[in-house]
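What follows is one chain in structure tokens, specifically the form predicted alone.
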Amino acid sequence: MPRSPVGREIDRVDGRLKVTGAAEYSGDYRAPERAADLAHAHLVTSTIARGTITRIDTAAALASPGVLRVYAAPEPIERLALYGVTGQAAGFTEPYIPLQTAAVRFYGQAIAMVVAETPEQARDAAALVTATYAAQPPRTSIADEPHVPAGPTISGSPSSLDILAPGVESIDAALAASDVVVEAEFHQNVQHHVGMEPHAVLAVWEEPDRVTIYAGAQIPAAYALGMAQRLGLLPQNVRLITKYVGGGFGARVVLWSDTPLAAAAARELGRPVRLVLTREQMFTLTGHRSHLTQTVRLGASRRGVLNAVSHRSIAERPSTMSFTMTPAHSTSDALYRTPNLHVDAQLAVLDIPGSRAMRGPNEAPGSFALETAMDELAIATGVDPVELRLRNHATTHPVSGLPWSSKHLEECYRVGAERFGWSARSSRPRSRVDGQWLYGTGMATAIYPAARRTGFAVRVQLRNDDTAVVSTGTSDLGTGATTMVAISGADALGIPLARVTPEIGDTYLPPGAPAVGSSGTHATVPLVVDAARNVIAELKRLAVTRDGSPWQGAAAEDLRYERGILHGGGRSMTFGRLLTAIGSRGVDMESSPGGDPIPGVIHHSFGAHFCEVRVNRFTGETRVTRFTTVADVGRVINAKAARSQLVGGVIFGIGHALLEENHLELRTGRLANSTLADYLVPVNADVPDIDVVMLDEPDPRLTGPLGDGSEDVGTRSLGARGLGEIGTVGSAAAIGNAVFNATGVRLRDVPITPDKLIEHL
């Protein structure tokens, strides 16, 4: 009997292809059957942040060897035909048509594109393009620009709210009535996704009105729809292939300028065109996490029980587009029980590159502020930080009052504290010194919404060789989605994993769940189970109606499917043998519509981080030496991939806390350190062994019923939540709290760098 692969340590089914170089990423595709015609594009970007292009000189570039075309803003619509985007796709595209305006909205905007026979020729010619501008002073300071309300969040819930206990006039009054008040302001500069794979696109036109795009995308269906509108095509005439993607983290949610420009040039030239962004161009053309200021005020009793929470933020809103930062949303309005809550999100319009979601987009910066303030409250009240959080544990959602679909946060605290050895911690800063090193420990809570997404589909095909194919158009950003699809298919069908072939990353497949918001797994797994139910029901129907079947004329309800075998009437036969007997190569069915979220409950994942650091008391160098994370993320599908995702999230937190920032030059609007030599990310030497524990408690109320609810299909994989981002949320705060415990220095601006520490040590 095959053992279900769910919850086990499973190697990636595409691992060998990746490590041998056989997996084709966007920059690797060779334009099937037209490789000899492949042309290469290179972008030219602006050197001002605000103003108008008065002239672009392309003569030298056009005279360069191998150059086919030079497109320069404002490019006439007849040569480079691109159009506006409306409706559903508008939120996933830039709100202007690239190269078809002389206006410059940010430093690093695409203003010209060179297409040549080789990438080297395109790059060299692009360096010869020069531009002159009528420049204006850019708006670059959050503090100096007017602030406007952020408005509703993507989910439609308010980003600003006031909840006051009866008789309390204002949040200020609630704070004034509290025994202990903590107030702190927090700052962070721009941060970047820095995926391993550069953004690349290959556009191949098969017909004048039909194109295939090879590019990395986190929401393939929206990406293809946006491309169809940009190119003036019917949606069914745009095919996106996005099988292997070297990291997204939010940067590949949007259809940026590179893809439509490459596709339009390929159409105009009549040959395939590839465009690969340079690393420096990725810092300005593919989004970033917002520059942000936050103020948190906590009021509590002397025992540390919260009476009031106020969380205000001011984030950038780029003049081109934005991912509205509402860092208190899903942190301060969801994490702790309090009778008085004030959340206020404001925006300042700036002339900078477009901001976008970045792993734990609101929750990571929001939790740094809230969880740092909670640590300060623990010190002010003399309550242990873990005990403080237990005293303010929310048994229902603090705003809506609805119950959680599943919540085991208290167990996360208990298990994490025990594994980490929290009881041996001294609350007195600078109490542990070893030579030139100061040691300290800290902790923080993690929370991330488990938003249910609907409108997607999975197809399961049973083949006459006793194998199965599970197909859906989702993409794998390196997160292990391909393996997740295979595992859930093997579990639902009760057959060995080796007999399941996953198909993903193609918009010609059934529309797949987006790889955003840690939702890919819990949106996909129920659909796999449902499609398996449907295909088994169809198999039974064929068994009782088709010639050659030993059950012809029997009743379908008398047949039982178990582990790839049909049983009934004293006979047994594998689905492959049955399909062969009736002369069929295979049978396939898609998931049924439905699976909407169960009403009346709130879905979140939870976790607790425990961290030890050492700080050099002479240089301010900080090293993370130990880290324990315990996560409540529902049913675990692949323990190996899940642990890797949580470890990766903690590494994001290390970068957030200690290393990552891009400085915006206020005078020029230039992001100053936009190379991997200047923008620091964690490397092996910065990362300790990270102890990860997953509670593996299924969330039984994550999704409503699907299919016919038959009992002969595996359902153990239901109740799985996504976990790509929960490791990022709170991990930076745990590090910052540990730095305080080591040094007695409280730094509220990230990253916590040696120059900030050394002046206080």
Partner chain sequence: MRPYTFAQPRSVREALRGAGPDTAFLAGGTTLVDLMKLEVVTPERVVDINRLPLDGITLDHKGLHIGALERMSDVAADRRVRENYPMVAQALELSASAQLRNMASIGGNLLQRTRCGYFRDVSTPCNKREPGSGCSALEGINRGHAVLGTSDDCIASHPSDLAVPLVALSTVVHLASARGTRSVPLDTFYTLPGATPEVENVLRPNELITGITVPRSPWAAHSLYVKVRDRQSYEFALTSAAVALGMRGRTITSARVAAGGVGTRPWRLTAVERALTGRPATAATFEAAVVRAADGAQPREHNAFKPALLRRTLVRALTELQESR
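Since we're looking at a predicted model, the values are computed, not measured. Positions refer to the first chain, counted from 1.
One more form of this protein, predicted together with the partner chain, exists but is not displayed; see below.
A residue is said to contact a partner when one of its heavy atoms sits within 4.5 Å of a partner heavy atom; R123 meets this definition for the partner chain in the predicted bound form. The closest non-hydrogen atom of R667 lies within 4.5 Å of the partner chain in the predicted bound form. The partner chain in the predicted bound form is approached by Y107, whose closest heavy atom lies within 4.5 angstroms of it. Remark: T58 does not count among the residues lining the partner chain in the predicted bound form, judged by a heavy atom distance of 4.5 Å or less.
In plain terms, the part of the chain that comes close to the partner chain in the predicted bound form, with a heavy atom within 4.5 Å, is 432-440 out of 482-490, 245-253, 432-440, 67-75. In summary, among the residues A103, A177, L676, A498, the only one with a non-hydrogen atom within 4.5 Å of the partner chain in the predicted bound form is L676. Only one of the listed residues (I598, A173, V681, A165) places a non-hydrogen atom within 4.5 angstroms of the partner chain in the predicted bound form, and that residue is V681. Contacts between 723-761 and the partner chain, taken as any heavy atom within 4.5 Å in the predicted bound form, involve T753, P754, D755, I758, L761.
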